[in-house]
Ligand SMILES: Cc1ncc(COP(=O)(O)O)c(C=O)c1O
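This document starts with one chain, in the form predicted on its own, laid out as structure tokens.
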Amino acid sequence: MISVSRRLAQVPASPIRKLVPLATAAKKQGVRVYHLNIGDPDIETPAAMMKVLQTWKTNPIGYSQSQGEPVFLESLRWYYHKIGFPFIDAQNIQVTSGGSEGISMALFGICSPGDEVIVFEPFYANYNTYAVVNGVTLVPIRTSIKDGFHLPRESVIEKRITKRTRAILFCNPSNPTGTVYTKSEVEALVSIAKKHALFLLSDEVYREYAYDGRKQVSLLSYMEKIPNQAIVLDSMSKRYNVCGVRLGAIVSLNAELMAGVLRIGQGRLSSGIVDQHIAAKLTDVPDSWMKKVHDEFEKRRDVLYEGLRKIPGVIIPKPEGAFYTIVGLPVSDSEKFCAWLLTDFRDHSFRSGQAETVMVAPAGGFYSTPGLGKNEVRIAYVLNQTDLKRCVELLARALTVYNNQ
């Protein structure tokens, strides 16, 4: 008998992508599927970045440096200085192939097999993937839809710390909940990390997207207070709408960690050189572009929130940032409902007459505790406002049909 490893069998399927075959089959039948299941926005990439692709002449396309292409490292240093953190230098940055590689590198860098990392559920599903890959045990602490998924008291968090605990990992603003943690919440985590000698990992992919006048509180603000413990995970994908430019970064003042993740980077050779030259043009993206994108996502948030809260039985806290929300639905099993949307539900009421449906992600995969999220879905409001209004209409009709079967 030849079999794959036990750890490979333990890698979970993505709740964001697992129903893709059903969506593909629906499209082959001529159905229009509105994708609210994945954070792949329809907003155009900045012109300065697109120009790099349009004018690329270097041939052959070779390797980059393992830490990162110098011009991209310099643009990242410039960015962190611009947002108020002049102590960040190139030596504190490791370029990664997407934010996902940054998560994996960081977990490998701070944990040995069997070590524990505290997370707040629901959490970004790929934390599960890279925890399994690196032999790390995630210890979930539940947050509630009733209070917008904000953090529990310090005492609740501290009760979950054991001799195996190495770190606390959080996402701010949060994917999948849209929660923006307050200054007091972030400072509580810093205090716990300092008190218990833990690493503190802050996933800040959606840093620019906080709404209703809120400001994201970055762990970078506290990095000099806990220089060997603070690790920021970053990405270009959502900030500049370059999801296919697979680039992220680890930022830390811990010299030993940064030297170690560089050695990992040397093993995988480099991130894409064309990708890095594209992203290096972030220095040419005007503040007006970022504000326009921010304001558009805030308007999309309003369209989705105001629409869904009118549907009987739907529970939706008002998202505070990012472009996601966890929504409670009047169904007993959201995964079955999400599959049914793709296999059975068809609506022809739109002006085109084409059969249409909507795709959302069952929320169970964003929890670690069995049974949680069973009647919830994650929605990514990444489509234009007209399409979002149509999606709300589709979900309302679908819930009526589903619950009257």
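Small disclaimer: the values here were computed from a predicted structure and weren't measured. All residue numbers refer to positions in the sequence shown, first residue = 1.
Only in words, not in the display: the form predicted together with the named molecule, which the text now covers.
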> Would Lys281 count as touching the named molecule in the predicted complex under a 4.5 Å heavy atom rule?
Replying inline: no
> Using heavy atoms and a 4.5 Å limit, would one call Ile103 a contact residue for the named molecule in the predicted complex?
Replying inline: yes
> If you check in the predicted complex, is Tyr324 within 4.5 Å of the named molecule, heavy atoms only?
Replying inline: yes
> With a 4.5 Å heavy atom cut-off, would you call Phe72 a contact of the named molecule in the predicted complex?
Replying inline: no
> Which one of these stretches, 132 to 140, 85 to 93, 192 to 200, 167 to 175, sits within 4.5 Å of the named molecule in the predicted complex when only heavy atoms are counted?
Replying inline: 167 to 175
>> Considering non-hydrogen atoms and a 4.5 Å limit, which listed residue (Ser252, Ser271, Thr179, Ser235) is close to the named molecule in the predicted complex?
In response: Ser235
> Out of Pro317, Gly109, Gly99, Gly265, which one falls within 4.5 Å of the named molecule in the predicted complex, going by heavy atoms?
Replying inline: Gly99
> in the predicted complex, which residues of 195 to 211 put a heavy atom within 4.5 Å of the named molecule?
Replying inline: Asp203, Val205, Tyr206
